[in-house]
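Have a look below at one chain only, the form predicted alone, in structure tokens format.
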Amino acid sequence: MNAEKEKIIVDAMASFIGHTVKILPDDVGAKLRELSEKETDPAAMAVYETMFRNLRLAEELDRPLCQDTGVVQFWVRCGSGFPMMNEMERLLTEAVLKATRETPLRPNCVETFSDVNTGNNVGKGVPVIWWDIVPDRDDCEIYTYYAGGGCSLPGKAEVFMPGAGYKAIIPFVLDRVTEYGLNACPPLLIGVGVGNSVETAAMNSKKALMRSVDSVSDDPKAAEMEKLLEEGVNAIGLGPQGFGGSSSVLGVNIVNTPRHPATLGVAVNFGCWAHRRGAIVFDRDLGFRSTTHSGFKG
């Protein structure tokens, strides 16, 4: 019986991985359409047309919408009562192996120092899995993300002296966009993390990328900064794929957690125009649904 349950999870996750590297999340697709409809710059309009043609062909030909299918990452928000929690890490790894063969995914897992590609997107610590254990729940919510080279390259974390104040976040982010933003294939989703140290800020910035592109922080001051940063990045004028235009961002999301009074950790991560993240929820009976991809049936 347990083998049957394990197969349900592996097959569903492999299918979901394959679906989410071919089909954009509902919110990202809608945002791209919104940005394209208000664009007036001829070069930017042509780029959007190419993007939508790319998306259409990926679906029609059943191929990944970007050749760089990234390093597979999971953020698992698992209820403490979920019956398959003990097996989940192994099953997610098996799902990546299956998706690499069947989707197929491009092998992107290269061992550090030896520079040997494992050939199957799996290695020590890969796929990357972050855990949050949620008390008094028996379901399991899994976010998938495909960290491509272009959107990973601009990532940065730093700890500021507290005297710098929260205003230090704005030039930190804008400088990174100016220096490396083109590598991440705009329009960008910008995830900003604020916390105690480099690792907490970096994790917060990655979690920020899992939020919807049109979401707003529940912290009023963070929400105000999200708006200021979006306006500032758009003013830089990158436009889609760096060809200029009115919009350079899909959105700016900030996730902040408390810090030590003597430190101010800040990090930024980027999602490209083809922001391939997804979320799937398994109930305790292993029924599942996606909260990001309405067309996913498993």
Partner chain sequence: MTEIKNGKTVITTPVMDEDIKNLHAGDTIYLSGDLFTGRDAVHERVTREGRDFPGSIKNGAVFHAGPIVRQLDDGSYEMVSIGPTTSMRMERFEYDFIRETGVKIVIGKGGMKDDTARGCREFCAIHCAAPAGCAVVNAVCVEETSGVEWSDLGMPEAVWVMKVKEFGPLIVTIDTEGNNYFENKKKEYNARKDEQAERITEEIARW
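Positions refer to the first chain, counted from 1. Treat the numbers as computed from the prediction; the structure is a model and nothing was measured.
Heads up, the form predicted together with its partner chain isn't pictured, but that's what we're talking about next.
Only one of 104-112, 138-146, 199-207, 72-80 places residue heavy atoms within 4.5 angstroms of its partner chain in the predicted bound form, namely 104-112. None of the heavy atoms of S215 is located within 4.5 Å of its partner chain in the predicted bound form. Proximity of L182 to its partner chain in the predicted bound form falls within the 4.5 Å heavy atom cutoff. In the predicted bound form, at least one heavy atom of L228 sits within 4.5 Å of its partner chain. Remark: T257 does not count among the residues lining its partner chain in the predicted bound form, judged by a heavy atom distance of 4.5 Å or less. Contact with its partner chain in the predicted bound form holds for all three of A58, I236 and F243, each having a heavy atom within 4.5 Å. Annotation for 61-80: interface residues with its partner chain in the predicted bound form are L61, R63, P64, L65, C66, Q67, T69 [heavy atom within 4.5 Å].
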